[in-house]
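Below you will find one chain, with nothing else, as structure tokens; this is the form predicted alone, and questions on how it binds or moves follow later.
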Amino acid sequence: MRFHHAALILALILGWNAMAHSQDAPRPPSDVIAVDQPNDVGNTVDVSWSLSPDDRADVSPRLVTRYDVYRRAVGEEEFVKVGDQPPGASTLADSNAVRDTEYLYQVVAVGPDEAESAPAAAAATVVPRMEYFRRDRAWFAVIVFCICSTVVAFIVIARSGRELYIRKIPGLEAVDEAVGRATEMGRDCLFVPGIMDINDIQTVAGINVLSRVSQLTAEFGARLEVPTARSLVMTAARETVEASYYAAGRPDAYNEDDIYYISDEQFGYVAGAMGAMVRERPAACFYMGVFYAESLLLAETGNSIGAIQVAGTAMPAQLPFFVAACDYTLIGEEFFAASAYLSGEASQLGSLRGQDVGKLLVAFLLLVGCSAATIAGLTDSDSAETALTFIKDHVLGDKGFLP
């Protein structure tokens, strides 16, 4: 009799445990929807669903611990897990989809003891596709079109013969003075094109200035020395100087040995250039290109020999040294505008003016954005917040070009 009572109690306990465990499995979510994410490259699908009835915010603790999202390519047999979300979440962006592939998605609610609900009915098939035009970046396209149109318009105006106003840049005006002074003193000119290779835009800008300097030395009869740190820069400098001498009608005065290679090693090159400065004592020194720790070494050496010095670079950390030790310094944009300024070519001058208008437009947008942010922060204005969000997302591109 006792044995039957014990068996009955054990059966009741097992049945109660089984019932308890069966209750751990949450009820499934519903209404699974999968859509291709707009304005992307075709690799993202947005999946959404209705929460499980057991996922209730007013119940603590919640029964649902997460939602597992699965996908299956049409033609394959098994679903593959692509991500999971915590209780209360009802969306997931699957960013690992393959473009132009048809998919099915299903969502499973998982309980505290890893008990899974039945999968929700699979969403209708979806095919992620790439959009070639981002509609949310239409304002960015308008800005680009305006800037490009302005550049083209100023180029046409410049080619028509109308004179365009370009602000005087003292550092470039001083190039003629420096070369003339070296000629009067019967001493050389030294041009240092930086330490980076020809693929750096600052080196290219420096070579453009070298063209003007070599043209002046050819006309005035002064000697020009160009030590380089890269072989390709040496080749480009030789071609540039030779072309300038031919254009000036003095090809016989060109000496390619005056444009020479020292070393790729930073301070080895600087030591060689400084040695040339101390030996030759040039009357004019030009530093145009990329410079690092060697900027002050070169400028102080040139200052010690009494040379007139003109420097130009877009390296912010080196500009203070050049400003302190050189007579004239081209700062940032002035350095890149040197080619158009010195050549006077219509297409370059028109492009320079068009870019200035583009900078004014961007500055205006930044001013409007800062004003909107200030007003929104001080007054909690909904209209200012809306304007700020629009500028960030659609004009300035805070979300980036790709998802």
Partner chain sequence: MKRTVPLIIAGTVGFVLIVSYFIPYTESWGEDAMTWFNILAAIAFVLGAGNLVKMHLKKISDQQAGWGYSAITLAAFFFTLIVGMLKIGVTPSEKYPTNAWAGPYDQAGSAFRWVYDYLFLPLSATMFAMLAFYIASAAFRAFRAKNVEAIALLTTAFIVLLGRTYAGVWLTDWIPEESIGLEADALRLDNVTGTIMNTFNLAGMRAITIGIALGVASTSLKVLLGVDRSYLGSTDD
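Keep in mind that this is a model prediction, so the values were computed, not measured. Under this definition, the rigid core comprises the largest set of C-alpha atoms superposing within 1.5 Å between the forms. Residue numbers count along the first chain shown, from 1.
Keep in mind that the form predicted in complex with its partner chain is missing from the display, and what follows is about it.
Participant: Among A120, V204, V110, A248, which has any heavy atom within 4.5 Å of its partner chain in the predicted bound form?
Facilitator: It is V204 that has a heavy atom within 4.5 Å of the partner.
Participant: Have a look at V127, M130, M185, A253 for me and say which one sits with a heavy atom within 4.5 Å of its partner chain in the predicted bound form.
Facilitator: By the 4.5 Å heavy-atom cutoff, the listed residue in contact is M130.
Participant: Residue-level question: is K359 within 4.5 Å of its partner chain in the predicted bound form, judged on heavy atoms?
Facilitator: It does: once its partner chain is placed as it appears in the predicted bound form, K359 has a heavy atom within 4.5 Å of it.
Participant: Evaluate T101 for contact with its partner chain in the predicted bound form, applying a 4.5 angstroms cut-off between non-hydrogen atoms, and reply yes or no.
Facilitator: Answer no; every heavy atom of T101 is more than 4.5 Å from its partner chain in the predicted bound form.
Participant: Find out whether any non-hydrogen atom of N303 is located within 4.5 angstroms of its partner chain in the predicted bound form, and reply yes or no.
Facilitator: Although its partner chain is absent here, N303 would touch it in the predicted bound form, with heavy atoms inside 4.5 Å.
Participant: Indicate whether its partner chain has at least one heavy atom within 4.5 Å of a heavy atom of G161 in the predicted bound form.
Facilitator: Judged by the heavy-atom cut-off of 4.5 Å, G161 is well away from its partner chain in the predicted bound form.
Participant: Want to guess which of 212-220, 225-233, 112-120, 175-183 is within 4.5 Å of its partner chain in the predicted bound form, heavy atoms only?
Facilitator: That would be 225-233.
Participant: Could you pull out the residues of 339-375 that have any heavy atom within 4.5 Å of its partner chain in the predicted bound form?
Facilitator: Read in sequence order, the residues that approach its partner chain (within 4.5 Å, in the predicted bound form) are S347, Q348, S351, Q355, G358, K359, V362.
Participant: 2 Å or more on the CA of D136 between the shown form and the other one, with the rigid core superposed, yes or no?
Facilitator: It does shift by 2 Å or more.
Participant: Superposing on the rigid core, I want to see if S95 changes position between the shown form and the other one - specifically a Cα shift of 2 Å or more.
Facilitator: For S95, whose C-alpha is compared between the shown form and the other one after core superposition, the shift is 2 Å or more.
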